[in-house]
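Read the single chain below, which is given as structure tokens and is the form predicted on its own.
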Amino acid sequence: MGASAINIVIGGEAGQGLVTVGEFLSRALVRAGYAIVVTQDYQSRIRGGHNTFAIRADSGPVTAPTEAIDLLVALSAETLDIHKASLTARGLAVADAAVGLGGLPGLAVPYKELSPRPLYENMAALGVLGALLCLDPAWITGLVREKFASKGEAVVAANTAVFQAALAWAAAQQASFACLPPPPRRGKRLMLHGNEAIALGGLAAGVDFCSFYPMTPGTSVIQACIDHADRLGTVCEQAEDEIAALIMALGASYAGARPLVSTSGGGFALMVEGVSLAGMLETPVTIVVAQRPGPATGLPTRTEQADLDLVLHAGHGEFPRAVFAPGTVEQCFHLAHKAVDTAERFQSPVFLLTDQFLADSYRDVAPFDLDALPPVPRPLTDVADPGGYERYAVTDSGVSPRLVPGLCPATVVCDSDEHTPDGHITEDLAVRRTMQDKRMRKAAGLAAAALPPDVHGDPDGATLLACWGSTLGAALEAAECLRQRGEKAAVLHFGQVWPLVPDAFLPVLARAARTVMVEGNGVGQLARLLRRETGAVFDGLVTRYDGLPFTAAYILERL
């Protein structure tokens, strides 16, 4: 990234308002025309601990977080101690005058003088940051008005006054910090994190039933759905546990709804029998698994990519499935739509694997073109011959005509035991073979519809960084750094990790001089899957499983 980039880290204890400051500043930067990548690092507690909200902003494209800090906003003394070694040569610290700067260059802000009440100290911090970044104050004061308008003009005026006072105080300090260069004006941009984009993608695909049991970092998918539920007529249900959440979704799907379930690894482990039930019932359901480090509770608020094996093999018996893994917020939207479409089209459970980093990472994105989305098929509401209807009719594709019960005279019968084509329980072993063959024939259709991995750059004679999911941004930046050093480099990103389409990537791997898999787990789960399925063996493996997201520097140090 060029000198136009800046990395701002706001650190402090949970409950000190660092997220409020970070979200305000991020939104102001996006409205001003800058690109952002936000990384949120927080501990599993309501108050206390040390958390950070990091904003990497650039007047050009930015794809990943970075370790180096240009502006360190310390809401606690601990923040200075933890992060002072990461401050760049041009870096500044901004801290409460009562805390002090610990010998670092920067501004000791008299928050108590600038804010009549501690409640407004967030606005004082925004004023100081706005001055250092040379942001047009109107971007922030406009946001203040939007945020507090419902609380009355007095609240708006009080917050604006503190912001303006801090802005003037910071400008008077004449701190030597290079302002952000003006960004090239772009069209309207949205600010979304990954889970919001997943929710919007699902809703755009017609999701009208959401069920969940709260579990970080998957919960905010459904929270985003709830934000739009009244307007769209979407039913959102918090179940008594994860088992019930998935079974509710299957019941809703049977009745004609289009369900979305969101959870994380431990919650998904409880859902596994329901996944198998979806396979036997041939009931469409889309399940979002937001990964975090395990096993068990592990690091519940940190990131990892270690649930691929779990999702790939979840459920007893054999049945087809598809697994998507978005790498950007834009892909979160489009692959969520694709996942719902795939579940409906093939009447199978479909998974969307994201992780805490992407779930909590705000980005600036162009508005989505809803008119360009393909229509998602609906189940039948009537058939020509109700008396002859068979829910599990044997077809060449394995996909049977799916009828919503109760809307026509036909009887819709389903069973979790092996069943006949009309849905009745059977122990006829010949019928068992017929029905299992029918279900598994859907695998061919899923493979034909699978998305090939994206190739970024020319792989001929290059170092090829293969990755999946949220590792994309760091891999792209690492490849760009290699090219700037004069080395050939490319990236192969798997946005769908099952079914695999070997013809779409084996030739790419063969053209590379060196192949390195980069993934956020300890054993290289996708590398092992590719070797098992295709025989492809990577020359190197870069893994990360300390709970933090990949950065370009982390990858480059290990190549």
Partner chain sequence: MVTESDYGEFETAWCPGCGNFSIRQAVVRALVELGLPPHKVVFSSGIGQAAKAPHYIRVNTFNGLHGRSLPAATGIKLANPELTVFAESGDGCSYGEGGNHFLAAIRRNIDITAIVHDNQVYGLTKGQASPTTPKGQITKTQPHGAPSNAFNPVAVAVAMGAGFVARGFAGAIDHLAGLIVAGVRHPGFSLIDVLQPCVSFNKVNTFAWYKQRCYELGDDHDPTDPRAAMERANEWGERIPIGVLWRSDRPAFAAGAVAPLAGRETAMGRLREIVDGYA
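Every value quoted in this text rests on a predicted model; they were computed, and no experiment measured them. Numbering follows the first chain given and starts at 1.
One more form of this protein exists, namely the form predicted together with its partner chain; it is left out here, but the text below deals with it.
Undergrad: Of the listed stretches (92-100, 319-327, 458-466, 402-410), which one has a non-hydrogen atom within 4.5 Å of its partner chain in the model of the complex?
TA: Result for this chain: 402-410.
Undergrad: Of the residues Pro452, Pro105, Pro377, Gly251, which one places a heavy atom within 4.5 Å of its partner chain in the model of the complex?
TA: It is Gly251.
Undergrad: Name the single residue among Asp385, Glu240, Asp396, Glu153 that comes within 4.5 Å of its partner chain in the model of the complex, judging by heavy atoms.
TA: After the contact test, the surviving option is Glu240.
Undergrad: Could you tell me if all three of Arg27, Ala204 and Leu232 have a heavy atom no more than 4.5 Å from its partner chain in the model of the complex?
TA: Yes: Arg27, Ala204 and Leu232 each sit within 4.5 Å of its partner chain in the model of the complex.
Undergrad: If we define contact as a non-hydrogen atom of the residue within 4.5 angstroms of the partner, is Leu277 a contact of its partner chain in the model of the complex?
TA: Although its partner chain is absent here, Leu277 would touch it in the model of the complex, with heavy atoms inside 4.5 Å.
Undergrad: Is there a heavy atom of Gly315 no more than 4.5 Å from a heavy atom of its partner chain in the model of the complex?
TA: Output for Gly315 is no: heavy atoms all beyond 4.5 Å of its partner chain.
Undergrad: At the 4.5 Å heavy atom threshold, is Glu390 in contact with its partner chain in the model of the complex?
TA: Glu390: no contact with its partner chain in the model of the complex.
Undergrad: Taking 4.5 angstroms as the cut-off for heavy atoms, does His334 touch its partner chain in the model of the complex?
TA: It does not: once its partner chain is placed as it appears in the model of the complex, His334 has no heavy atom within 4.5 Å of it.
Undergrad: Can you name the residues of 187-216 that have a heavy atom within 4.5 Å of its partner chain in the model of the complex?
TA: Read in sequence order, the residues that approach its partner chain (within 4.5 Å, in the model of the complex) are Lys188, Arg189, Leu190, Met191, Leu192, Glu196, Leu200, Leu203, Ala204, Gly206, Asp208, Phe209.
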